[in-house]
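Only one chain is shown below, in structure tokens, and it's the form predicted on its own.
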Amino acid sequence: MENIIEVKNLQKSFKKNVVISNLSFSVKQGSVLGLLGTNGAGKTTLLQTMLGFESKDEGICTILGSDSPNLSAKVKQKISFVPQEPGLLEWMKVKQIIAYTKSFYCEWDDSLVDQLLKEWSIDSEQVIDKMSVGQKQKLAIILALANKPEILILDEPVASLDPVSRRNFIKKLIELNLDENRSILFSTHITSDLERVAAEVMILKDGANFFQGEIDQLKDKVVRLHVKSKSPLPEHLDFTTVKYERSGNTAQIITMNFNELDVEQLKLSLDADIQVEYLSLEDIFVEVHS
């Protein structure tokens, strides 16, 4: 499949604070990539820099072959973005902002808008300023979906939604991806939401790409090893670790590149018993950032 988003060696700082550090990744056409990171990891800055809302210091970013921040008008027609805070024109009624937004696009799915307004209990006559935070986020999502974008970019899209609304939204994303081969990039720190909709994950840590690949691949590679030796364990190991916590003859190791042969060699070198514990995505996320 063709890469529709390409990011290479991207750098972004605010004064002396490095937010994005030599970051490279790609998104294939028709894929759903979940961008996972803690608050402050650089997720929002990355998305805004990709879209040209923030200038980059160094590196290359292209969307559908068009270079950011100078995305062509044609490419912009094919992208929808939902920020954490929607920034809607709150003096308008729902029906007014729908008509206003529609005027900017060549394509618009009125039936989808009507369907989602009904499913998500949004009154088209309601003034936006009188809506709850969750309703405003739902409305922003509807506006983003209505122009039938090829690429949907979402920054913490369900942060203000209740669990039922979150599940309904994720179900809609899955339908859009399966039925229309739409490409979706969304940031989140909620691992359960990511697992429901994304086959691929990118973990952003300290502004860098810690991992990108299939979720199942990540779970196979990042494991916890429980070590019990007959003698005190060394201060350092000749072994690839994310974390190494020892206490006398016992230790816990988080390794990024689990390989059974390597573990067998470690057993022999330490004269130890080693038990392998496979982790959930949430456990991996916590261990990587702790």
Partner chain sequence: MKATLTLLLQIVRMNWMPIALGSLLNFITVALIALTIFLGKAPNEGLINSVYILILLTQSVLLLGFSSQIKLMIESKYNFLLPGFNRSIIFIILGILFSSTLLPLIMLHAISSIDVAIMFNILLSGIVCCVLSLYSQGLSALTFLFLISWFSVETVHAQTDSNYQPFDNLGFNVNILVGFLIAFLVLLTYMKLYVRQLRLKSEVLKPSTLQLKQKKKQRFYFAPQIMLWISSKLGIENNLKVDIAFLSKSISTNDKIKIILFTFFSIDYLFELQLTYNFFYDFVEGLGAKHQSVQSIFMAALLVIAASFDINYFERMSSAKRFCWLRLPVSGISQFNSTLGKKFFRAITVELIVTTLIIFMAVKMLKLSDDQIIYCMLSFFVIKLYSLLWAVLASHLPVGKIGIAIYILILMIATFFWVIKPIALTIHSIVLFLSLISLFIISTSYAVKVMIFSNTKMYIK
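This one's a predicted model, so the numbers in the text were calculated from it and none came from an experiment. Residue numbers count along the first chain shown, from 1.
Only in words, not in the display: the form predicted together with the partner chain, which the text now covers.
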Margin query: Within 4.5 Å, heavy atoms only, one stretch in 159-167, 80-88, 191-199, 213-221 touches the partner chain in the predicted complex. Which?
Written below: 80-88
Check: Does any heavy atom of S124 come within 4.5 Å of a heavy atom of the partner chain in the predicted complex?
Finding: no
Next item on the list: Indicate whether the partner chain has at least one heavy atom within 4.5 Å of a heavy atom of M131 in the predicted complex.
Entry: no
Margin query: Would you classify P69 as touching the partner chain in the predicted complex, given a 4.5 Å non-hydrogen atom cut-off?
Written below: yes
Notebook entry, point to check: Is there a heavy atom of G52 no more than 4.5 Å from a heavy atom of the partner chain in the predicted complex?
Noted result: yes
Next item on the list: Run the contact test on Q265, I274 and Y278 with a 4.5 Å heavy atom cut-off to the partner chain in the predicted complex and return yes or no.
Entry: no
Check: Though the partner chain is not shown, can you say which of T240, N249, Q48, Q29 has a heavy atom within 4.5 Å of it in the predicted complex?
Finding: Q48
Notebook entry, point to check: Between the options A99, A208, I174, L112, which residue brings a heavy atom to within 4.5 Å of the partner chain in the predicted complex?
Noted result: A99
Margin query: Going through 135-154, which residues have a heavy atom within 4.5 Å of the partner chain in the predicted complex? Please give them in sequence order.
Written below: L143
